[in-house]
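Heads up, the chain below is alone and in the form predicted on its own; it's given as structure tokens.
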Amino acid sequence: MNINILIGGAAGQGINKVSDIVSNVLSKYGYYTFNYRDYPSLIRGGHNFNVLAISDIPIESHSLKMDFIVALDERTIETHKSELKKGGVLVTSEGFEDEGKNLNVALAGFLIKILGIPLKNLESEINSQFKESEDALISAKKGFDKAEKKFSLKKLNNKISILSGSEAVSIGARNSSLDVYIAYPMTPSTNVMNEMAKNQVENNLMVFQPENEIAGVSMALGSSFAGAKTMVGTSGGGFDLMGESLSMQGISGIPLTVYLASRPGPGTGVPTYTSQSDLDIALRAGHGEFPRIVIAPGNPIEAIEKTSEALLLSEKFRTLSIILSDKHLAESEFSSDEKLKKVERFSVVRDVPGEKIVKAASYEVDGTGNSTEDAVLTEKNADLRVEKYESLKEYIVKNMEMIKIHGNKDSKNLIIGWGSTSGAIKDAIKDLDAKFLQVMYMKPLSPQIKEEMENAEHIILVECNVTGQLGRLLREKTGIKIENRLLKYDGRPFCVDELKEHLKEML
């Protein structure tokens, strides 16, 4: 079973609230949901829409074709009417004009009735979300009574939670006892800062907004140098500004973890849409040569785990860890019944300024921390940085889940992807003869990747960028060029039905 509902209108009309109410009711009823958000860079007006996908089995993507369209304005009808399936239902706000601020609740009631879920389940959700729920309950019943049941969803015995990628990164950081989070607001990284700021006193966490990204990463290095477990967050344009301080980390060995949430570039690009175009800069930002770790989770459960791993590795090896996400992962809402794996807790013992003399410099240093330009020491320090990378690589290969294999594990058709595209790929190959290799550690790369590529007869690369950046990285590290590439770079993620058709043609 797979049902897709598009809810559209102008910014400020409450389309997110409709999705939120309905998806919460469904998850408590045992159904899996995936909620995709599409909006322009406007506070009011414009055309916004959510696509809420519903299934009785786990899903992490949405479709191009809709079973229902809920239109809060005429523009939604004109824009999306061609996407309505034959026999699909168009729901408008006609007849709900008197509901005012509770219009979204009335429409939620309408949808719940169509899906065949009892009204009491919606009423329970409204009581939990609204402090003064009497008017909202009346509106919900009006919407419910106006609709006709089209489906009869039976209650399922699944224990499901809903998380966005941003919420997940925040949970992973708090689970690892993060002390300080520093960020200057930039879509789509801002929501992590907002999530971190919630209950920060109770979580013994300080969240600080500096005047810009250069100040932010410099403060993060200072905070970490003083002994605090620290993370800094940004998007691509802000990450550009951090390059010099990343090099400072590389030579000083001050632990630093960066959350990088990508959006289309270059420049301001399409600021509220998605792209996987920042892999190259995550791998190479900063001058000189120094070790780093780049990890790209594909869903919120992975984001929780990989954020904890990134912080652990940064502290354990005194290195740079980058958590690479994008708008699609950061702002979409995923449902899951997965249990978290235990991540090693690492209590770092560091020399902290104030307890003894501690030095850090942007120069090469001798054994006492004093600046040097000595040729022998310069070469020795460079070798030590290489040795550090080899040590952390060995540790990661031994202890961390670097890749995942999905689908038919015996198939000779290999699809390779990473990050937020993994959800659509997993959903698309459910009845195809294909194996999906999901790369989560971009640096270092798993040695198993080359083996999987050599054993495959057909390989297809799937990415949301123009040049196939993961494919280029894999060619560099394995010597294998992937000829068949499925690349999308219009700022929108892959939809499961379009991706499945492309894969069927290519296979």
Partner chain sequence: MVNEEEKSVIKPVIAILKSETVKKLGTQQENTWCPGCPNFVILDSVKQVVAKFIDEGKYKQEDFAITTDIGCHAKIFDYLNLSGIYCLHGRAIPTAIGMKLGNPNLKVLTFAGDGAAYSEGISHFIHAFKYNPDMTLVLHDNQSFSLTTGQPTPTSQQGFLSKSEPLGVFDKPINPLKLALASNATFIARVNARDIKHMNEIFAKAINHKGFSFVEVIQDCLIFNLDANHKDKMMYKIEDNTDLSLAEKLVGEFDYNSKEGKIPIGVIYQNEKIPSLEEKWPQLKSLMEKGVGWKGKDL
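Numbering follows the first chain given and starts at 1. Since the structure is predicted, the reported quantities are computational estimates derived from the model, not experimental observations.
What comes next is about the form predicted together with the partner chain, which does not appear here.
- Taking the partner from elsewhere, residue 245 is found to have a heavy atom lying within 4.5 Å of the partner chain in the predicted complex.
- The partner chain in the predicted complex comes within 4.5 Å of a heavy atom belonging to residue 211.
- For residue 96, no non-hydrogen atom is located within 4.5 Å of the partner chain in the predicted complex, even though that partner is not displayed.
- Contact check for residue 358: a heavy atom falls within 4.5 Å of the partner chain in the predicted complex.
- Of the candidate stretches 316 to 324, 276 to 284, 151 to 159, 220 to 228, only 220 to 228 has residues whose heavy atoms lie within 4.5 Å of the partner chain in the predicted complex.
- Checked against the partner chain in the predicted complex, the candidates 194, 268, 381, 177 yield a single residue with a heavy atom inside 4.5 Å, and that residue is 177.
- The listed set 205, 91, 103, 186 contains one residue whose heavy atoms approach the partner chain in the predicted complex to within 4.5 Å, identified as 205.
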